[in-house]
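First, one chain by itself: the form predicted on its own, in structure tokens.
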Amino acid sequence: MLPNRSRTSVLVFLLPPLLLYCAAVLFPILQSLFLSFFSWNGISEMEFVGLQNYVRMLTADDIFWRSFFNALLYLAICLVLQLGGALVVASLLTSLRRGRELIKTLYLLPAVISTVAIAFLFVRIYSIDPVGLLNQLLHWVGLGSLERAWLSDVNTVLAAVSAPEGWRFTGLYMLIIYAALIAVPKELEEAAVLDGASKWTLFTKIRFPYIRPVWITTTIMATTYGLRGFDIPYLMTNGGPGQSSELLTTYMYKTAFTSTDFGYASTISVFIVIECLVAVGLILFMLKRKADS
């Protein structure tokens, strides 16, 4: 549909980022796929083992399955905080007349703060000795019996490392959803109000269906990033205590650079890629099916 000159211009501008994407994303994925069929410690010669690493991962590695289920729970908590919080805040912002820019800036700040700073900030918040902010607040409101070492308790550590990740990106997704909400045609909303629609009906029948494409994109972004979450859990607990907060990403990293089993670590990385693709497919399928119904 474009003239030859325009097509050439498009190709010229697309080629550099496409090459960069291939070098930074596609090549490492293919390299990991290749290494997953070998046993290699990074120094000696690679030994071809075929599907042995995959069989070991799926049938003989309890830590892998513990990390997998931890990653799913970690993802669920992140999605509730990020998407749920973002939708609520964005909806409230559309009804505000003053202070919108200040609130948007405050919510967006965590996304631009260093990951290391966020990790150490929450380590102090969860601290039991010296008493951190969370335990101090529980004491002030008369819930001192709930005070604990949140990062050392196997029952709370996974939720504790998920909360900073959810808090970090809530503002970013809020901004995306807010931009979609203010683009909803006012004529549709006014017509619905004149017909006697409640605020809930207005949101579920007018606003949300209109922003569904943006919601799908945001959900995919949050899901894939949550499944690849690494830095904050690793910095806060390093997967401990035991494997209570071990994720597939942290387990893969330690397998590669602590156990120097690069072949098996590559197998785990291939699984993470497949997991992300399956998650995206399920999201698109479920949301499309719901839209059709």
Partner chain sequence: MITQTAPSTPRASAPSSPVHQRRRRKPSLYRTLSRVLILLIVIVQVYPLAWLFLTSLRTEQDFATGDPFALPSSLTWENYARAFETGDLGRNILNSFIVTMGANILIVLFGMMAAYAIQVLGFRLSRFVRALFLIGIIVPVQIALVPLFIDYSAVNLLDTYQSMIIPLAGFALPMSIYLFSSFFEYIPRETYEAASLDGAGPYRIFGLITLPLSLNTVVTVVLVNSIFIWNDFIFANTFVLSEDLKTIPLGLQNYIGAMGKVDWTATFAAVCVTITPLLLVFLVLNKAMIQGLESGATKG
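Note that this is a predicted model, so its numbers are computed, not measured. Rigid core: the largest C-alpha set superposing within 1.5 Å between the two forms. Residue numbers count along the first chain shown, from 1.
There is also a form predicted together with the partner chain; it is not shown, and the following applies to it.
- In the predicted bound form, the partner chain sits beyond 4.5 Å of every heavy atom of residue 201.
- Proximity of residue 242 to the partner chain in the predicted bound form falls outside the 4.5 Å heavy atom cutoff.
- Interface residue remark: residue 145 is not counted as part of the site for the partner chain in the predicted bound form, having no heavy atom within 4.5 Å.
- Heavy atoms of residue 154 never reach within 4.5 Å of the partner chain in the predicted bound form, leaving it off the interface.
- In terms of contact with the partner chain in the predicted bound form, the residue from 159, 149, 188, 214 that brings a heavy atom within 4.5 Å is 214.
- This chain is displayed alone, yet in the predicted bound form one of 176, 206, 72, 79 has a heavy atom within 4.5 Å of the partner chain; that residue is 176.
- Contact check at 4.5 Å (heavy atoms) against the partner chain in the predicted bound form: none of 64, 141 and 287 pass.
- Although the partner chain is not shown here, in the predicted bound form the stretch 11-47 places heavy atoms of 12, 13, 14, 16, 17, 18, 20, 21, 23, 24, 25, 26, 27, 28, 29, 31, 32, 35, 40 within 4.5 Å of it, in sequence order.
- Relative to the superposed rigid core, residue 11 undergoes a CA displacement of at least 2 Å between this form and the one not shown.
- Once both forms are fitted on their rigid core, the CA atom of residue 278 lies less than 2 Å apart between this form and the one not shown.
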